[in-house]
Structure formats: structure tokens, C-alpha cells
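Next up is one chain by itself, shown in C-alpha cells, the form predicted alone.
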């Protein structure tokens, strides 16, 4: 029997009390009891998102909310700027084109991050761009884009442009100030830092975005943002048990305190990243996120991952062109110091067994030293 340690950037581990909260007898979704939980959950979400904007909860993966942010905002032949620096940045362009709009793609190499000046230039060259779509944390590479600087630049120079951010591996792990950073639509998914199984997408929607949506008549039915905002308890059958779990998740996050939450994630990221460096390994991301660490592998990363699984440690491979080249270790959500020591030790053992010359034990030592110095 091997005990499993889920160290992937989604799904992530679910706390026991949240699991038990979702194991209670099912309630009907049109009762006053459930509507009270649903509406309270949306109010709690505002605190975690650091926003006063409306909250929408869809029974879908995060991609459902990504689609909604395109189908509700863009008409056919509208122009949108999509920032592409990884697999999920590429997804923005794919969704925009799927609805007949034009995706002007600002491309960076995998591992790189967006520059506000580049976005400024793209908007000057294309003054009819209606929206900018970007990731906060690009999950496929472990990069964190400077969405604060980008949002403030847009507010100053392009106040009519809608700013849409995929925060699926950021919300609940990184100090994202939705309102202060001029983010009109912010998106996350349940299976990341919110410590739930997959199945929910949560988004905040600004008044500016709502005014734009009011003038768009597109082909959508289920992913109707304005209809969801106006509904009491959800327009369609919501994922009742997941909503109950989300309610408790937000309460646990707020009980920890946002400052403490962000400090914990910063510490776990630092320990993991410095441990990798201590082993002589190179971080892949040029601007690493606090939610996951991507590490270049000196051998086929698939072999490393499979050996780590033999010790119960489950991490993620690279995606697309990065498969076989990097591993991605998560530290967002229900993680703490011993989890990172376990992940680093599993990596060291796998590399050693594959014949890679590393200073064996130095990664674990470095992580523990950082935790001691905390």
C-alpha cells in the first residue's frame, strides 16, 4: 500500500471537513435554505476576490467561465487582444475565434511573461480592440503575469477596454486585488486554491463589463452572465454539494486571513523553488508564480514523474511542447510545509534512481532551512 500525495496544480487536495460538508444529505436547490447558502457564498467570494463586483457561479470547469467572458462580451468580428505565453493563453485565442471574433494574439515564448509596454503598443496599433484577455498565473508554465501593472495601464490609457483575467491558479493563492487593479472579469475554478473537487467556475463582473454585455446579442443560453446575476439561487440546477463545500472553503480562507494565506503561499513557493536551485536544477518560469513551481528536467520528465508516483508523490508533466521537459509542483490551496518537503524528497529520489548527478539531500535541506528561518 502506498499513501498518495497529490501535488498537482489541479485537482488539489480537499480538506477533510470540506469533504464531510459535501457528504451531508442533499437539499433541494429551490429551498430557502439553499438559496441562503448560495447567496452567502457569493458574498464570501467578493471578499476573497477583493471586489465589490457581482459574482457568478457556473456548474462547469474554469473554461466554462472563460467561454462566458468571450460569448457575452464579443460580437462577431469584434477584436480582442489575447496574451499567449502558454497552453492556457493559447486557449483564449481559440475561444475568441470560436465565437467569430478576431483574436489579435500577443505571443511570448513558453516561460516568458507579458510586458505592459507590449500591450500598450498592440492597443495603439489596433484602437478598435474591445477587450484584453490574459492569465494571472499561466498554469502550464508556472509564470505569473504582471496583471497589476497591466490593469493600471489600461485604466489610465484605455478606460473603455474590458480587462479579463483567468485567475484559475491565482485566486486564493496570490494577492490579486481585483478592483484596485481594474480587472473587469476575474475567473477561477473550484479545483485549485479553493480546495474543492472540479466542477465550479466562479467569476466577478464589473459594472463596465455588464454595460458592454447588455449590448451584445450572441448565441449562448446556459452561460448567460446577466441572467445569472439577476437570478436568486442560480438560473439552472446548481451543483448543490459543491456550493456547500465552496461556502466552507471561503470561510476557511477568510478565517486564516488573506494576509496569512498569501504569506503561506509565498513561503511554500520560496522553499520549493530554492530547493530546486539547491539541486542544480533550473526554474522554467522567468517570473515564477506562488501557486506552482515549474522545473526543467535534465532527463525525460515523464520518467521522473512515474518514479515519483512509485513513492506516492503525484506531480504534473509539462503540457504541449513542454511535455517531457518540465515538472510542475503545486503549492496552492490545502498545502503546508511538510507537503513541500515530501515533494522535494520524491523528486530527489527519482532523479537519483535515474542516474542524474545531484547533490543528494540538498534540496530537502534547503527547504527545511527556509522553514526554520521563517
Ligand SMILES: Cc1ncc(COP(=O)(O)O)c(C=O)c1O
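Model, not experiment: these values are computed from the prediction. Residue numbers count along the first chain shown, from 1.
What comes next is about the form predicted in complex with this ligand, which does not appear here.
In the model of the complex, this ligand stays beyond 4.5 Å of every heavy atom belonging to residue 286.
This ligand is not shown here, but in the model of the complex it comes within 4.5 Å of a heavy atom of residue 192.
Although the partner is absent here, residue 168 is a contact residue: one of its heavy atoms lies within 4.5 angstroms of this ligand in the model of the complex. In the model of the complex, no heavy atom of residue 294 sits within 4.5 Å of this ligand. Shown without its partner, this chain lists 317, 61, 50, 345 as candidates; in the model of the complex, only 61 has a non-hydrogen atom within 4.5 angstroms of this ligand. Exactly one listed residue, out of 204, 249, 272, 139, brings a non-hydrogen atom to within 4.5 Å of this ligand in the model of the complex: 139. Look at 229 to 237, 146 to 154, 84 to 92, 208 to 216: in the model of the complex, residues with non-hydrogen atoms within 4.5 angstroms of this ligand sit in 84 to 92.
For the partner-free chain shown, nothing in 235 to 267 comes within 4.5 angstroms of this ligand in the model of the complex, judged by any non-hydrogen atom.
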